[in-house]
Each structure stands twice: as structure tokens, then as C-alpha cells.
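Let's start with one chain on its own, the form predicted on its own, as C-alpha cells.
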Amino acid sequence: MSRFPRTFFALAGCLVAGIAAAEPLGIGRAALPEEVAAWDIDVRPDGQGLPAGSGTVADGEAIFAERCAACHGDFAEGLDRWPELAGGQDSLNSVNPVKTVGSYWPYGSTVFDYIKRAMPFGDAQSLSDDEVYALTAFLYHMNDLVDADFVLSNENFTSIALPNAGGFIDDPRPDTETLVSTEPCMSDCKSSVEITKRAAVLDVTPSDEENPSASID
């Protein structure tokens, strides 16, 4: 029997032990508190992570018109292939559900966090906290969740519940039993296979003059 495997694993064990016992390489440094804070901008459904601040629906409308309407429309209805942010109530069970802040999103923290982290497109994280509060308030208003004179702040943020908050559940895996109670069939499971439905044409591929074949008829 070859002694190579035994020798190989012995050397590998020595190498791992040597790495574990080695001194730090001296590369880099611990992040400063202010550097950590700059990255730690997530907001949770219970309001944890919200910065101090406030914004009105009226201010949000003005900011939206200047920074957001070019893509999302003056009334958050969406332009071209940019998504709608308002409307779509009672559409989730339809053939063409419209997923907006008012019809689909579960938490206001998702709205606030996404705007603060990623918007406006191409100029992310350029908005102040007060501007993000104002934009969130405006989107609430466009989805008929608050009145036109509403002021959103870190103090009352969690008091606004989005309509579809109950439409999501936590994934319990891996702490619960699988939904499959029997051994899955791996071969000859059906005597015949017949197509009962076909995928709908979603027409989500943009087309332009340079790439006319991208359009879906």
C-alpha cells in the first residue's frame, strides 16, 4: 500500500497547525467606529437603525418631482419599464399582479432602507435622512396610507403599517420538518406527461434602435 496518503495528510496537518499558530500578517487595521457607522445604515421593521429626522408629504412631493419622477412618474405610476411605486391594491391574486409599496411591500423600513441605500438611480446615498423621510411619506400618501399634511419621523415611523405586512411569513427551515413526508419519486413517476399551461410572455426585455431583435412580439 502506498504511503503517499499518510504522508500527505501528515504534512497537511502540520501546515494547518503552523498557520493557526502563526503571528498576524500585519496587513490592514481595525475599522474605526465612524467607518463602521458609515456602513451600518440598515433599518429594521421594528424601527431599529432609523436615524433621527422627519419629512412631510409636501416636501417629499417636491423631492420626488426633482429626483425620482423621471423614472417613476409624477404620481409614482412608473414610466416605461421603471416600476410603479403606487397602486396595485387587490391585484396580487390576479394574472398580472402590480407589486408596489401599497400593494406588496411588507414594511415601511424596506421603503426607507432602499431609498436611503440605493436611490436615486445613479446617485445613490446622496439624499439626507430628512429627504428620505419625506420621500417615504410621499409614497405613503400616494398609496392612500396617510393624509396630505402627514409628517413622518423616527418617532411615529412604526405606527404606519403597510397593507401587505401579513402577506409574508418567516422561513422556518432548517428547524422544522420538510413538507415532503415520503421519499421523492426519481424515475417512472408518471405514465405520461402532458402540458397543461404555458409561460406567459412578460415582455421584460428592453428594445432599442441598436438592438431591435430584443423586443418581444
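Note that residue numbering follows the sequence shown and begins at 1. It should be emphasised that the depicted structure is a prediction, and the values quoted were computed from it without experimental measurement.
There is another form of this protein, the form predicted in complex with heme C (HEC), and it is not shown here; the text below is about that form.
Chemist: State yes only if every one of I115, F121 and L127 has a non-hydrogen atom within 4.5 Å of heme C (HEC) in the predicted complex; otherwise state no.
Modeler: Yes.
Chemist: Can you pick the one in L50, L162, V57, C68 that has a heavy atom within 4.5 Å of heme C (HEC) in the predicted complex?
Modeler: Selected residue: C68.
Chemist: With the partner left out of view, is M142 within 4.5 angstroms of heme C (HEC) in the predicted complex by any non-hydrogen atom?
Modeler: Contact check for M142: no, nothing within 4.5 Å of heme C (HEC) in the predicted complex.
Chemist: Is there a heavy atom of A137 no more than 4.5 Å from a heavy atom of heme C (HEC) in the predicted complex?
Modeler: It does not: once heme C (HEC) is placed as it appears in the predicted complex, A137 has no heavy atom within 4.5 Å of it.
Chemist: Against heme C (HEC) in the predicted complex, would F75 count as a contact residue? Criterion: heavy atoms within 4.5 Å.
Modeler: Residue-level check for F75: no, no contact with heme C (HEC).
Chemist: Taking 4.5 angstroms as the cut-off for heavy atoms, does F64 touch heme C (HEC) in the predicted complex?
Modeler: The answer is yes: F64 has a heavy atom within 4.5 Å of heme C (HEC).
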